[in-house]
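First, one chain by itself: the form predicted alone, in structure tokens.
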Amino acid sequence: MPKPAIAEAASTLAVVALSNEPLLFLSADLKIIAASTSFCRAFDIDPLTIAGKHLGALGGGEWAMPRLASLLNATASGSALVEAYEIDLKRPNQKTRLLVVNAQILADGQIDNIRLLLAITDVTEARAEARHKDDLVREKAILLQEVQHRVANSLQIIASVLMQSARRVQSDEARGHLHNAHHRVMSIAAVQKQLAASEGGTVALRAYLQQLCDSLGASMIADKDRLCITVAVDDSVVEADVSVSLGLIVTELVINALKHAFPDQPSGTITIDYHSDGSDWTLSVRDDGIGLPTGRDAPKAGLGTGIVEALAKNLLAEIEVSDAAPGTSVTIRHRADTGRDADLAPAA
């Protein structure tokens, strides 16, 4: 004996009517059995005029969408499924609403008792807000890149002024200090250039250190057949602040090697090596020069040494100076289990 359709609809009416979400309860031929109060309120429809009306006749006819009707008919027959189907609800003199529709067939095995539950979500404001946020993110990225370009250009100007000042001073000591300041500014400028070309405030170390050493070599090596700088860096990508510290360390150590490691040698090589394993990393600057003087000839710690020690300490790294036989090797080593993570990303 068929189940009483009226009783079934009556039990569902209360659930539909009390729903906080816009719901329509439809027969298989898309006639409205019930609608939630939230649906009528959201789409300005008089609830007293809705029962028994065809979906396409709702309101001013704005729900007469052939594609939606076709999908609902297919859902009622069991041959389709309406999930997150997006429609534009266009009404005269009102803003078009973007709706997401989900339809569920409710069947108890009786062909004459097939029902459809239609849930409608208005995502107009949410989508507009998402687009607005995306626009703000893009604008912020563009502004950040512009700032980075300007900072890099400003650093280039400062470096140029330092070089001009170095040419004018008479004191060799003052000239040396100005040259060192120039190289340090250039190392920061190299980071800024990498940042401007990258996304997310990170720096690819291989390109950065290569560019930095090319710049140092171009400004400090007069005879490129005699001295050269080689760079061997893995695919590590680091945060900008970490790259600045690493760049300054390399700058100081390379300047020191170029000044002191090859006084009378016909040729020499400075090698920069960096590699990481998870949060552990090792940076080494090695030369094949005369090696470190000992005893009374041992050099006193200068400004460069102080800078390297301070930067290494800030990175929670340890410094090791060793005999490279020939030459000198300075290794800066960070181990995650000896301190905080230095924000280094693992090798890509």
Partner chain sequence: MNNGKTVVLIIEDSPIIRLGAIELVRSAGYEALEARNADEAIRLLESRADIDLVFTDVQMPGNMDGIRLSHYIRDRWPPVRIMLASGMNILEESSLPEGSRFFAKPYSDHAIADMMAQMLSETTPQPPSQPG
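Positions refer to the first chain, counted from 1. Everything numeric in this text was worked out from a predicted model, so none of it was measured.
The form predicted in complex with the partner chain exists for this protein as well; it is not shown, and the discussion that follows is about that form.
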*asked:* Please identify the residue among S267, N153, Q104, N73 with any heavy atom within 4.5 Å of the partner chain in the predicted complex.
replied: N153
*Using a 4.5 Å cut on heavy atoms, which of Q145, T121, Q94, T124 is close to the partner chain in the predicted complex?*
Q145
*V161: touches the partner chain in the predicted complex, heavy atom cutoff 4.5 angstroms*: yes
*asked:* Please determine whether A84 contacts the partner chain in the predicted complex, using a 4.5 Å cut-off between heavy atoms.
replied: no
*Closest heavy atom of S219 to the partner chain in the predicted complex, within 4.5 Å or not?*
yes
*For I249, is any heavy atom within 4.5 Å of the partner chain in the predicted complex, or not?*
no
*asked:* So if I measure heavy atom distances to the partner chain in the predicted complex, which of the stretches 166 to 174, 94 to 102, 271 to 279, 249 to 257 falls within 4.5 Å?
replied: 166 to 174
